[in-house]
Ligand SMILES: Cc1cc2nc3c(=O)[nH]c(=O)nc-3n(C[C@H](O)[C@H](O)[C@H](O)COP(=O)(O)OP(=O)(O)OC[C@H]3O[C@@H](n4cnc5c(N)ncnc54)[C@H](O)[C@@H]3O)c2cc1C
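Listed next as structure tokens is one chain, alone, in the form predicted on its own.
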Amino acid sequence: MSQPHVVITGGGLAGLAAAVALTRHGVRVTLLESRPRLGGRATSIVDSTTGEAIDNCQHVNMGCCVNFQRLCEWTDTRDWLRTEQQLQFIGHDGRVNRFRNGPLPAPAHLAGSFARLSYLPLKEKRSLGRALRAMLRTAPNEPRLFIDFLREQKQSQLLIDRFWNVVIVSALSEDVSRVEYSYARQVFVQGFLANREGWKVQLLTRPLGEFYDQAIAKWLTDHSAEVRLKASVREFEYEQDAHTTARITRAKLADQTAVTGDVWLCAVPFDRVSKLLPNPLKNDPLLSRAEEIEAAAITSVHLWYDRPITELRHAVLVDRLSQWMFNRTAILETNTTPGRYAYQIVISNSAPLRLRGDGQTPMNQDELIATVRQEIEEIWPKAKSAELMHSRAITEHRAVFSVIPGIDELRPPQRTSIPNFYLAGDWTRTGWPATMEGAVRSGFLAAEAILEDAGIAVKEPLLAPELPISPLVRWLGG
């Protein structure tokens, strides 16, 4: 069979991953992105005051996120991804708790780090250990709340606040009281327990915009793919008669031009897909409920000081409004300015931010920055004597979809009932939550379906093999 011409709508990570996978197999690809830049919700903007490219949110990869790593390998950017060999957790006592592998095999490789956490009493650490063991033995079944599992395991509110919620909010941008158990279990089992490398955070040493708009876009164009920016699709046109299934024939753009192709991949966010679906799919039971998916917000506070306030590259902040600190000047290999030191504070699940002591009034940007700055000065006293040269807050209001019970019923597969129309996006059925890894997996799954339906042989699966599960974990989990 001749190679099809695949047109991809949406230049976020899902669309880019599909484009790379298809291009590697000799498929002609045209990628259409409505914005003047690639990356979708996970992107960079230029701060007008500093002139620096800043990410709307610091995105991290983990060792268990094998497909994002594969995308980097395929696009010759693997050396842009630096693996952190330890995490730093800082509680209200101010102590830096270093989280790193010990000599034991998984799942006991982190036992020493858990045991040394200064902000958890010994009784709570024992309770935590029992719950983690129970999690290995309790497979995800019917949808239920993660908080119900924690209550069954008699986890105290202190432990929920200082451990379980710290991890879950960072990973899933939702409170433990709303998260579905299976996704919470996935975070802990795949991320922390199953393999010694799964928990290790990986950070891009370049801004996201450089990763997308320069590295991946260049790789695609160098391999004969076409990348078109400011190309917004308004509607898909299709052909159908009484005896045939509908097929998409072309797409009309906002500038009134049209694009033709053989196969179509729609890789836009869940809150936009219904506007682009062709009429034969408007009432498709697998797609019509996409608008019911709930979204969660993530806020980043950017601070520029005239001197370094900490040598740490990153830190998890416990029992505070601020959740993660990323030392952007230390992390980035480019885009740094002498005499200006950049730090990014990330607050996931940020929609309900309220003034302390009030609990009802939403914070405005000045109040948020002031609160974050006060917390930073409490943790790192050097910040008190440093000059804050510039600050700003950015909120992505629909940053991720919420993995609440029943979410899997709303997530469609990559194939649709129209044989030449496919879907991609972290919100589609990948088995993963809303992460860069989930987006890449969706793109690879969509590309795999397109190649299979076109009769194009694939030497190996597009999805990367998962990290191997420790034999001890298999035995403990039954």
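Residue numbers run from 1 along the displayed sequence. Here the structure is a predicted model, which is why all the values come from computation and not from measurement.
What follows is about the form predicted together with this ligand, which we do not show.
- Arg272 is the sole member of Arg133, Arg206, Lys200, Arg272 with a non-hydrogen atom lying within 4.5 angstroms of this ligand in the predicted complex.
- Checked against this ligand in the predicted complex, the candidates Gln414, Thr435, Asn420, Ser44 yield a single residue with a heavy atom inside 4.5 Å, and that residue is Thr435.
- Proximity of Ala446 to this ligand in the predicted complex falls outside the 4.5 Å heavy atom cutoff.
- Remark: Val179 does not count among the residues lining this ligand in the predicted complex, judged by a heavy atom distance of 4.5 Å or less.
- Contact check for Glu396: a heavy atom falls within 4.5 Å of this ligand in the predicted complex.
- Remark: Asn67 does not count among the residues lining this ligand in the predicted complex, judged by a heavy atom distance of 4.5 Å or less.
- Here the chain stands alone, but in the predicted complex its contact with this ligand, taken as any heavy atom within 4.5 Å, falls in 36 to 44 among 22 to 30, 36 to 44, 446 to 454, 405 to 413.
- Along 262 to 293, a non-hydrogen atom within 4.5 Å of this ligand in the predicted complex is carried by Ala267, Val268, Pro269, Arg272, Leu276, in order along the sequence.
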